[in-house]
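As a starting point, one isolated chain is supplied in structure tokens, in the form predicted on its own.
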Amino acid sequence: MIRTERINLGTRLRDVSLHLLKGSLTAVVGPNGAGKSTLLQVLAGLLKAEGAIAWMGDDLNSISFPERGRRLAWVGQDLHADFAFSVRDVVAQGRHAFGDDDEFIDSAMKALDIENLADRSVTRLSGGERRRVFLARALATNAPIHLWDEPTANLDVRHGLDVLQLATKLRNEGRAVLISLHDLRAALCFDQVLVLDRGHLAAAGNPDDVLTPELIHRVFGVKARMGQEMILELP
């Protein structure tokens, strides 16, 4: 559903090509500063870069902004809210390209466990609560493509697992979901993993094939022991 060819953005991204399929769950991992957030912003059309990007077969530059809002759901790391909208009003923004629809709004709020926050001002929420609100806004779009930048950051264990289960549910419904994270153990449960290292794509493919002890040591500088679970150690 998203295909790129040789994406370049100075030293931040260099010759990155990838293909996100319908009904796929993809993780982007890499050290701090590797280019994960930059890649997601480029794929979402929020940053300009050299190269070709296509959404569902159409060149990104040819897709109108209203149509982009119907095709793609975005959750960035920036959770800043300029205005004291209620939680429900923020989630309803996800329907802007379609028209308000209470069914999608209510369903999204229930999925992210924020129904009890509906009338609260988004500016008065904790970081974890606000992240769940922005995830609900993305879910309310019912878009076929989802790009989430570190969606489990600031979340407690239960809600972090809820988010990953939600991503799996969207994949099972036929959507393409791309998530950046730091948890290599969680990435093992994805269909595909992309490993970024200093702006270039170091590896891509099935997690069991890609996340080898050799690659983890080379890219992340830690030792990995594989067994029933991955164990990471300082060298």
Partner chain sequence: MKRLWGPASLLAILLVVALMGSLALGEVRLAPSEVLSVLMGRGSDLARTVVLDFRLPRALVGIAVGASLAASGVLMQSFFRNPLASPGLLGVSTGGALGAVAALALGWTANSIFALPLASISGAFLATFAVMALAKREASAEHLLLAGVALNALFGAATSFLLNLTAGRFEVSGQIIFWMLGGLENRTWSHVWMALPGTVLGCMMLLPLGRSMNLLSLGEQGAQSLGVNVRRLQWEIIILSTVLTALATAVGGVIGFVGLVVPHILRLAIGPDHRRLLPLSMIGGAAFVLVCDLITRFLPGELRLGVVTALIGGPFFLWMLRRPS
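These figures come from a predicted structure and were not determined experimentally. Positions refer to the first chain, counted from 1.
What comes next is about the form predicted in complex with its partner chain, which is not displayed.
Participant: Should residue 109 be counted as a contact of its partner chain in the model of the complex, where contact means heavy atoms within 4.5 Å?
Facilitator: Flag for residue 109 set to no.
Participant: Would residue 152 count as touching its partner chain in the model of the complex under a 4.5 Å heavy atom rule?
Facilitator: Looking in the model of the complex, residue contacts with its partner chain do not include residue 152, since no heavy atom lies within 4.5 Å.
Participant: Is it the case that residue 45, even though its partner is missing from this view, gets within 4.5 Å of its partner chain in the model of the complex, heavy atoms only?
Facilitator: The answer is yes: residue 45 has a heavy atom within 4.5 Å of its partner chain.
Participant: Residue 165 versus its partner chain, in the model of the complex: is there a non-hydrogen atom within 4.5 Å?
Facilitator: Answer no; every heavy atom of residue 165 is more than 4.5 Å from its partner chain in the model of the complex.
Participant: Pick from 27-35, 169-177, 203-211, 66-74: which stretch has a heavy atom within 4.5 Å of its partner chain in the model of the complex?
Facilitator: Going through the listed ranges, the match is 66-74.
Participant: For the three residues 81, 100 and 141, verify that every one has a non-hydrogen atom within 4.5 Å of its partner chain in the model of the complex; reply yes or no.
Facilitator: Yes: each residue has a heavy atom within 4.5 Å of the partner.
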